[in-house]
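Let's start with one chain on its own, the form predicted alone, as structure tokens.
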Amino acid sequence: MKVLAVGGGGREHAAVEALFRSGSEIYAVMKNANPGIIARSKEHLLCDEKDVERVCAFAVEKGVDLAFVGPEAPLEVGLVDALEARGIKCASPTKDAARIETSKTFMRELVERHGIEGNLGFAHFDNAADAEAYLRTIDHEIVVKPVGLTGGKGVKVQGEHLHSFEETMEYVNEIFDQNIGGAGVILEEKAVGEEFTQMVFVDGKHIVPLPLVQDHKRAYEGDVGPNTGGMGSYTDSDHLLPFINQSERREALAILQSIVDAMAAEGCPYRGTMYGQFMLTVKGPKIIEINARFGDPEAMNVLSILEDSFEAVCFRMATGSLEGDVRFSKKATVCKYVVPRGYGVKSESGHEISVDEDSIRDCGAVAYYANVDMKDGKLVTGTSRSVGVVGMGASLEEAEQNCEKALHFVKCDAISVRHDIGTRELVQRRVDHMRGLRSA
């Protein structure tokens, strides 16, 4: 089958590798020259992924049968709607359905309107003065988010990033002054617990779960520093996480199914991968974010161990025929992102980077290219995450060790890695944190 793959990051490279394993003939569109995607593609087009007319013209010219759109920005401008209008089936959500991510207010109000479990208290404002007046009336800690898209980097939490009323208002004013996200600010109740990611495949009605993943947003080891798009993530061999049980996972899945049902009832059925980011609290899972795509880096964890044909899964999502399970290997995975030095504050970009893919595979790992580009025949770093390295193994410990061994084969003079992701010490800290909350 001819498949259009849109996007040039690590998440999209992982999807393209899964499509390639399925036997797809891949036609890729991306704004950067991702060498991993180019190597697996029959043809590729370098252009702005939000250039709807150009992307559609390429797809029609190549006669593609099916499309997979990786990033959220092309979804927001209606790329899927335009492709479907030209008769191309899409395993990604329409512009209306993508509002579950592109408008945090839409998501919270949908969940509230339909009485879905797991919502948090929230208030949305289109000016700083009203936000300030609201903040003076509450006596609990909150999370400040731009309403629109920020590439996963716009969230600031009281008690972690914001340590006073003045700091909170400074960030609220920054959101409005710089038009971050472009749609106002949402102030949400702060949930206390452990975050986890439950992604599902969706065909408009049915959901099929993927293994649970835990992402690490903070830039530096020990979970400190600024929020980032994600420094790495891990899955366990039983597809749960060490601090969560099957009952709690079922609660999260029930929330996602209720959201899919609500969207269908409101005339914007959801098709594609849905990303549920939850906080496991002593009162069960609470919704932190719902995204209209795979997580990045979480896609690299789960797609590396996908046993079924990803092309077939995408076709079933696009055509409303997704029933039954999707199989994943009973392996643990640990992903650690190689990022440019200074990432999270001010990245040093343009440095040459080399990746020995064969040696990485010999370590029981795989590398996915992300924000890199080809300049004068050399692979160079961009301003965002460079290469995701995923170690796999029968246990979490083995997967983490394989990842560490593989990282030696990514060479660059100006990179950084969070080496603590997936380690016994950090995972145990998560378990102890949750145990302490429950006992209290």
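From a predicted model like this one, the values you see are computed outputs, not experimental measurements. When you see a residue number, it is the position in the sequence shown, counting from 1.
Absent from the display: the form predicted in complex with a small molecule. The rest refers to it.
is_contact(residue 348, the small molecule) in the model of the complex, heavy atom dist at most 4.5 Å: Output for residue 348 is no: heavy atoms all beyond 4.5 Å of the small molecule.
Heavy atom of residue 157 within 4.5 Å of the small molecule in the model of the complex: Residue 157: contacts the small molecule in the model of the complex.
The small molecule contact in the model of the complex: residue 271, any heavy atom under 4.5 Å: It does not: once the small molecule is placed as it appears in the model of the complex, residue 271 has no heavy atom within 4.5 Å of it.
Residue 205, heavy atom within 4.5 angstroms of the small molecule in the model of the complex: Contact with the small molecule, no.
Answer range among 271 to 279, 128 to 136, 81 to 89, 357 to 365 for contact with the small molecule, defined in the model of the complex as heavy atoms within 4.5 Å: Only one stretch qualifies here: 271 to 279.
In the model of the complex, the one of 250, 330, 113, 190 near the small molecule [non-hydrogen atom within 4.5 angstroms]: Only one listed residue qualifies here, and that residue is 190.
Position in contact with the small molecule when the complex is considered in the model of the complex, options 195, 236, 96, 221, heavy atoms within 4.5 Å: Looking at 195, 236, 96, 221 one by one, just 195 meets the 4.5 Å heavy-atom criterion.
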